[in-house]
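For reference, the chain that follows is the form predicted alone, supplied as structure tokens.
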């Protein structure tokens, strides 16, 4: 279902063609990084720290180097020591420990050998002498007075201090008179919340193949969300110029933010450089869970004031994120994510704190789900206290264009109210609540980003087109690029071939994150196509012998009064005689990313004997601006919701006291499967973003923000008890029921 504000009628934008890369993926032709095999390649394996925090006193690789099949061994000593404050120091230290191992699973050394078995055996033969250090495993431990340092090299960002600290960031926000608002309030609700570390759960483990030639240049095949970032980060870690590295993007089997950074490529490069052979490294699932970046765990305290007529007058709170072993911006980004309600009086502090756990990474709208879980839970409790419809309470306080964000700037045109109204008017919300169940409402916000993108559009002699971009396709963006190009050029979308090119074949493009690809890279495609149309009109003017101003472009053809339309294919066929190849490149640093809002509604039942929460029905409404390919918008909405349900009910990292992860497999780390979920119903709301030619708002992030609060609110209404700790697993639910 789609709810659309006034927008133009399009021929291609908004349609649902079969995706251009669909056939290759269905029949197994698509090549992922682990599918790559180079002649003479070696296989890499890691030695990882068994300790949560330990000084590395010595590393003896002699036994490993003498073993059968071993061609190269590297340790931290094989990499430059980037200074404190260098933008990629934390990346470098995280992928290969130097003087200190900072979590169980931290890489200490790596081996390249003829077979994977030989490499693993040799890695196990490396002898390391450790001095154990205090292990910091929780947010409370990290911020306690006199706490041991989780990473002695960390400095608090933006603080101006050069003193070591466990604080990554501290972001205070304040406006209005919070104390006076609480003093005058009719209703005040205050709660504390916590959430666990959770992983993105992508199907494809991290993998790469790196071949460093005799000329010192490296070819890298990698699955990532941004091969230009792979290039820049790998170059920094290795101490190389970026010109020495060419990154070829493989297909990506899921990322969700977890593949926006690197873990393998510089290590494989150094092993290749030492051995003179290509090196392939593929993580196991155990390694992925133990040693790549989950979303931060969190704790929060939220207090909200309201009047008897339902005005939310003030919010006061603290939200802390446990970000792992190196600096991270989770706290700062969390501050940017509290933007759904007017709150004339606001006083909050957002903190990121280090722990001896894997360095956290982005996970779909990073930091926003934890904040929304807490705030939406308190708002729902206010609605219950006031005996008010939870949607009407939110409508009364929802931000609209011009209202301030948490950071103090005004919202542009947004669709939050329209999403609330779409759920309110939906068949789901209007239907009776099933017997023995309860219904919950929750909302979410993500600001979206623009950043740098490039696109080249080539017209071929037969009138077909190739659209070349540098944005890896992690959500159907190839189809979106082709649809926008088809709309601009007047071509059938199937006569357009979208290509994701390597770092030497397309202009610089930032990583696919923050729901930016269809917005920013799509804008580059549109700009290139519009320049091409101008050139096509000029060529048509030459062919017809008229001035350019006399030529119009209509449905893929040049139109001149008194002449038959001149189709694009006729113009490209004569390109050689009218000026040469028809190709245009456009690059930009996109501004104006339209914020996205979502509102979710779910029905749940709670089994009071087992504590199991069953999701019976789920509906999501989200503002997409304009849905370029509605099927993929719906897929993003459903995928984010499914992951949020897992976050709410099942998923968590479980650590032993020494920092060992106890559930590092998909048998024990429980992601939702199809049998756990109902059909997730979608309502696409279209409030076009005025800063994009087709009104695009990114959609990939926002869908994961509301589910935890939505489900918690339904569970509260079903059970009569407010659960404040995620996941709401059966043991926690049973304990809460017993405490009623």
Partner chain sequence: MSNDATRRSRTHVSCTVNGDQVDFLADDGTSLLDALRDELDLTGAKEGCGTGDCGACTILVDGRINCSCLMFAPEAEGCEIVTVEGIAEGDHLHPLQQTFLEGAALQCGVCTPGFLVSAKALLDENPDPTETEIRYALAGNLCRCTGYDKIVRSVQEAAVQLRGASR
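Positions refer to the first chain, counted from 1. Since this is a predicted model, take the numbers as computed values, not measurements.
There is another form of this protein, the form predicted in complex with the partner chain, and it is not shown here; the text below is about that form.
- By the criterion of a heavy atom within 4.5 Å, residue 25 is counted among the residues contacting the partner chain in the predicted bound form.
- Using a 4.5 Å cutoff between non-hydrogen atoms, residue 554 does not count as a contact of the partner chain in the predicted bound form.
- For residue 683, no non-hydrogen atom is located within 4.5 Å of the partner chain in the predicted bound form, even though that partner is not displayed.
- Although the partner is absent here, residue 60 sits far enough away that none of its heavy atoms falls within 4.5 Å of the partner chain in the predicted bound form.
- Only one segment in the set 446-454, 318-326, 529-537, 247-255 has residues whose heavy atoms sit within 4.5 Å of the partner chain in the predicted bound form; it is 247-255.
- Proximity of 173, 213 and 219 to the partner chain in the predicted bound form is absent: no residue of the three has a non-hydrogen atom within 4.5 angstroms.
- Scanning 416, 363, 350, 103 against the partner chain in the predicted bound form with a 4.5 Å heavy atom cut-off leaves one residue, 363.
- In summary, among the residues 595, 639, 507, 390, the only one with a non-hydrogen atom within 4.5 Å of the partner chain in the predicted bound form is 639.
- Annotation for 96-116: interface residues with the partner chain in the predicted bound form are 114, 115 [heavy atom within 4.5 Å].
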